[in-house]
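Shown below, as structure tokens, is a lone chain in the form predicted on its own; questions about how it binds or moves come after it.
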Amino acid sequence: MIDLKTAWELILENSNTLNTLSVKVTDSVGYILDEDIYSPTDMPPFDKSAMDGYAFKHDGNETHEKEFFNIGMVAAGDIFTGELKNNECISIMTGAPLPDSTDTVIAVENTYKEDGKIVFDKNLKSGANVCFQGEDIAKGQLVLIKGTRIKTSHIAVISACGYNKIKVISKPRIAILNTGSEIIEPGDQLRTGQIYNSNGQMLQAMCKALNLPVEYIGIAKDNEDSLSRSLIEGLKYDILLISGGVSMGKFDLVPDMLQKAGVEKIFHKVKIKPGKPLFFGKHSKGIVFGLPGNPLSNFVGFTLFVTTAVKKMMNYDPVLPVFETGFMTEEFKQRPGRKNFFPAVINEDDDQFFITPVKSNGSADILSLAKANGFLIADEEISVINVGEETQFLRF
């Protein structure tokens, strides 16, 4: 049995960064950028009006109650090539290029018409209501650096730079396999001795929350034939997640069947609670995680280990889960021996975090997981964490 740090090291050592892929910008959210993005032009590319109004040449004096003759209109996408005199203005729409002979825009609501003239009803400084060329982004400026995780907030600026496709690190293709003759799918008729498949649904959702392509390949019965057929399909993927069948019981067939299928065992069992029987291995096409069947063990295993492998394969930074520090609001007791990840509610007040353990009946208690928004982390040598004492936590 290995400790958490060693497990992470082995996962990182055996999870290879995937190849570069070219994707449409609109499909790029969640990927890691594999090129620098530069702007090929100034943004905005010309001086433009920030609002609907009138463009004019400011003379440095007060503009209040001044009268101008409107000589026409310039709309967004149009160009006005004429020249305005000192007592002239031109109607201009938001986004329209500013005529060369103007430098200021007054909003239409700050004007009124009188005797065929436009009267300005507000004092303005020169350059008011104008977006000047290059004020947001200069031509040749580095906009996004290689290694950036693409978010929806990045899409507009990438597109504005003229990119239709960008280079990214591929996402790992993930297959999910449940094991257990007692498990049936939600929606089917539940009979005595059976339970609904909660782990399969949860693992699919966790993959989708990371914007990962995931394929659910069903439930394998607790026999070699059924499991063998499912493994043949699952081992075609970059990552195979197997829920259940990795402990030491008579029907826990997964570790032996994986090795028969050509999977090299890297480790089996980690010194954590819950989730000790975790299996990790690799084969010619990818890696395999055998997650203990209890739901909390599944959740902890995915959060600590599967996400670490995914981030390494996609070249994330940071790659490891981020542990934070907070203060206990209640006393917490445990049996020392393994690093414990216990469901908890994490609250923030005045830039400090407070950790309240959730009552739990063990690693099968899915209600305790539903009530939590993180795990308090108790080191293996600790038996008691007192009220007000600092300890680490992991948010989810």
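Counting begins at 1, following the sequence as shown. Computed from a predicted structure; not experimentally measured.
Heads up, the form predicted together with ligand AMP isn't pictured, but that's what we're talking about next.
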| property | result |
| --- | --- |
| Heavy atom within 4.5 Å of ligand AMP in the predicted complex - the one residue of 295, 286, 275, 99 that qualifies | 295 |
| In the predicted complex, the one of 172, 245, 234, 281 near ligand AMP [non-hydrogen atom within 4.5 angstroms] | 245 |
| Options 109-117, 181-189, 73-81, 125-133; stretch whose heavy atom lies within 4.5 Å of ligand AMP in the predicted complex | 181-189 |
| Interface membership of residue 252, ligand AMP in the predicted complex, 4.5 Å heavy atom rule | yes |
| Ligand AMP contact in the predicted complex: residue 197, any heavy atom under 4.5 Å | yes |
